[in-house]
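In the form predicted alone, a lone chain appears below as structure tokens.
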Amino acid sequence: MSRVIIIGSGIAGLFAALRVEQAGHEVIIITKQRPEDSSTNWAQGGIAGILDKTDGEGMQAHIEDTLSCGDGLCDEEIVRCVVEEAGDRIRDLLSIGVDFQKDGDDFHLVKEGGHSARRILHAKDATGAEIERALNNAVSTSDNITLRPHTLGVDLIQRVHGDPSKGIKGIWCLSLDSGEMESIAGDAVLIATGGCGQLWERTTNPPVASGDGLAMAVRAGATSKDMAFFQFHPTALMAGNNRPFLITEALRGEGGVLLDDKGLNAYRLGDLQPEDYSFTLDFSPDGSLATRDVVARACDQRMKISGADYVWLITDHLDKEELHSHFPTIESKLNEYALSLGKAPLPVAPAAHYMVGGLSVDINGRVLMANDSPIPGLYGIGEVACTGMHGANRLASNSLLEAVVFANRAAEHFISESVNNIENVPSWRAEGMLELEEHAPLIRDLETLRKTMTDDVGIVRTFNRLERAKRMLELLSKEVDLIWRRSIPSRELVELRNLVLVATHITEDALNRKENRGLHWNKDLI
């Protein structure tokens, strides 16, 4: 029996765990908080895909929409692979117990920005939570899957120190309950840790999204790819809530419209449809349902011109009862702030949402080195990986699909080539290290990091701002490294160390780009 260590408990990690366990192998899942505290659980929209494998026209349209949204940088082979496997993987989710919403005997499908047709399955506006529920239930009944909550991965253990080509044999991790460091051996490590939205002051990501898996893999010799492309979701609620709350794109798919103050006043006084007054039409004929890169930049520009902290999402022209029925999670959240769908305008603004770039991986999810050779025993799936599916900008609701397809492919690859080759792993060396007595420097450094990324590496960039960010990140990296070398690891220190490294990769990739594509928009290149 071989052993796989999976880092992360979102859709990618849990689905892969079930696949590997079904083949008779041992699985250990480590996750930083509770199993349900993942980006998957926060996903509202849905999973895009064509269930009918004979619907060649529908699949081709999905492929073309994905390629168009990716602005010329998608890997067409990967896109075709994911779209063609969608039906099988969605049926797998159904067999596990995921309950997608139906309209009679058929699934109720919705449309989001960049899609030319309704092809998104959903569980009202809590699709991620429904998928997470079903997967966690399945995992909890397995005898060969051990789930380790409150366990933070710190670093990967190489079979030969300093030589990634020899592979990975385990992981060092920190128990957040006891504060003790532990070594876990495995035949393979599968990274499914999600993204790094905590780099910015405003994000729709959960607190666990601190780039841990990507940073661990890079330190072990992996290479990153397309890190400049970070997606900001255009519509996060700005109603005095301390943490941004996502307003799903499906709401615009049902007719919601974005307006600025001028457009809102014109709409109230005029006799046209609200979309006719939307500032988004200045950026795309698709208006409020343009792709996220376009809509987020449109919102960002209007907010900077007006000095406002938000724009408006209008739904008062839509059927209130249908909105409340289709979007109960959003309606409940809005009610906390005396707002309601189908009534008053909703204040929204872009927020950091999805890491389109990530670890460079092959078609089976194997993590690659700079020479494009795989690191033996190391896989990356889900948001942490850059597969080539999304190109320069992710098409809405393609992320859950990509995650489950690559979870299956990585699991199948491991199963087909699995070996029982567990080696002894070294203990964490802590001689001479001290407990971190003062956390104030870490708090200040994290605030500086987020301020830097928000101001200088946001939706719209310039070379001067990026260079400024690079200098600040170099300083932060040195300061964090000094603390790291003399301190016993804590969650705050591990996360800050990882965030600074990931921020550096994002900034350097942005500096090296000489054209504007998708989510990377540099005013100096216009």
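Quantities reported herein were computed from a predicted structural model and do not represent experimental measurements. Numbering starts at 1 and runs along the sequence shown.
Missing here is the form predicted in complex with succinic acid; even so, the following discussion is about that form.
Quick check for you: of 393 to 401, 161 to 169, 84 to 92, 190 to 198, which stretch puts a non-hydrogen atom within 4.5 Å of succinic acid in the model of the complex? It is 393 to 401 that comes within 4.5 Å of the partner.
Succinic acid in the model of the complex: within 4.5 Å of a heavy atom of each of C386, H505 and D509? Not a single listed residue reaches succinic acid in the model of the complex, so no.
Among D293, D226, E112, E132, which has at least one heavy atom within 4.5 Å of succinic acid in the model of the complex? Flagged contact: E112.
Just to be sure I understand the contacts: of L334, I157, L246, I314, which is the one whose heavy atoms reach within 4.5 angstroms of succinic acid in the model of the complex? Comparing distances to succinic acid in the model of the complex, the residue within 4.5 Å is L246.
Using heavy atoms and a 4.5 Å limit, would one call G45 a contact residue for succinic acid in the model of the complex? Close contact exists here: in the model of the complex, G45 approaches succinic acid to within 4.5 Å, heavy atoms only.
So in the model of the complex, does any heavy atom of H233 sit within 4.5 Å of succinic acid? Yes - in the model of the complex, heavy atoms of H233 and succinic acid come within 4.5 Å of each other.
I'd like to know whether H353 contacts succinic acid in the model of the complex, with contact meaning heavy atoms within 4.5 angstroms. Yes - in the model of the complex, heavy atoms of H353 and succinic acid come within 4.5 Å of each other.
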